[in-house]
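First, one chain by itself in structure tokens, the form predicted alone.
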């Protein structure tokens, strides 16, 4: 059996590991446009100088040897022939496959702002090459603007704090990281960044880029008519899946990207997908899970995606650790919101309905994260635990057996 994997980030790497775990002898070929394997989640730490390129790597030094994987870097798929089960590559080679994992990720989306298509000094942040380019141009720039205040946008700002530049962030929503955090948790980060000199422009859109005679950005015009000085624009306003090489095939796509089922399989029984290319959830844990599920099914052991949370995010900006699970705000008045804060700045929020937790935010002290995740993962009815939500611990739903092992009892709680 020959397995071909397109992509070498979270989904591709974990898919390869799972294939090798299930199939010790199959041939695995990993193809990537990157030169080496690295984590995109910590590119901002490379930009800030906290980590070297080598320290971005999240696999073992002997990864390819340990898992018996053939590597083809600086190469990407440009076409796919599903009938002959063959991938055409940018180096003019063609490779055959028995099973194919598409984990090609996503690229930055550049919104249709006037002059965006012809402006110089406009960069997205998706890979190591983008980081290198940003670092180079940031040294020459005076006014750097980040468009988009999601996780990637805040990553970009974080990576540039020690460059001693004028930094601004423009966001259409009313706060930072609005998909994962509520106003309270966001404001903690906003205040911390403002102390570092970052300026925020919320509830507003970018309308036009003003350019100089060389075609370089010199200002960003906002929807209220005001202009922000800008000689380097970093775009973090969303992504689009890398699926161009699938043009002309029968592989099903939707607005999010590659369409897969709960087994990671596409509409072609020999082709699977995982990671940002699917659009299911643009965060690391989701990509890891998708890769594992796809890899297992490719190698013949059935697994289904039933035990992960698409909206689980963890972050740590400016020394403030935060975790978000599920919804950050109640959808209507039928939800119950419970809050807990202390004088040290620790913040906890749980949103529940009919005994089930639908969302949570922890900021500062994350020691409750394990219990909280377990409550959601096992779909535990928290109304049956006769304690305040923030006082529940493992002993409330795990019990010791005669062999001193922990087991979870679904039918009752001895509290």
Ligand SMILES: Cc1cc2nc3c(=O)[nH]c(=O)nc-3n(C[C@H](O)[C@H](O)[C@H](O)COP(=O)(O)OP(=O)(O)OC[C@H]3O[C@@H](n4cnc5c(N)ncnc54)[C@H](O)[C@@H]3O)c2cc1C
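Positions refer to the first chain, counted from 1. Model, not experiment: these values are computed from the prediction.
There is another form of the same protein, the form predicted in complex with the ligand; it is not shown, and what comes next is about it.
- Contact between residue 126 and the ligand in the predicted bound form is found at the 4.5 Å heavy atom cutoff.
- Using a 4.5 angstroms threshold between heavy atoms, residue 351 stays clear of the ligand in the predicted bound form.
- Taking the partner from the other structure, the ligand in the predicted bound form has no heavy atom within 4.5 Å of any heavy atom of residue 296.
- At the 4.5 Å threshold, heavy atoms of residue 169 stay clear of the ligand in the predicted bound form, well away from it.
- Checking 201, 163, 245, 335 against the ligand in the predicted bound form, a heavy atom within 4.5 Å turns up for just one residue: 245.
- Residue-level contacts in the predicted bound form: of 151, 323, 119, 222, one residue has a heavy atom within 4.5 Å of the ligand, and it is 151.
- None of 372-380, 357-365, 60-68, 25-33 except one has non-hydrogen atoms within 4.5 angstroms of the ligand in the predicted bound form; the exception is 25-33.
- Along 9-25, residues 9, 10, 11, 12 each place a heavy atom within 4.5 Å of the ligand in the predicted bound form.
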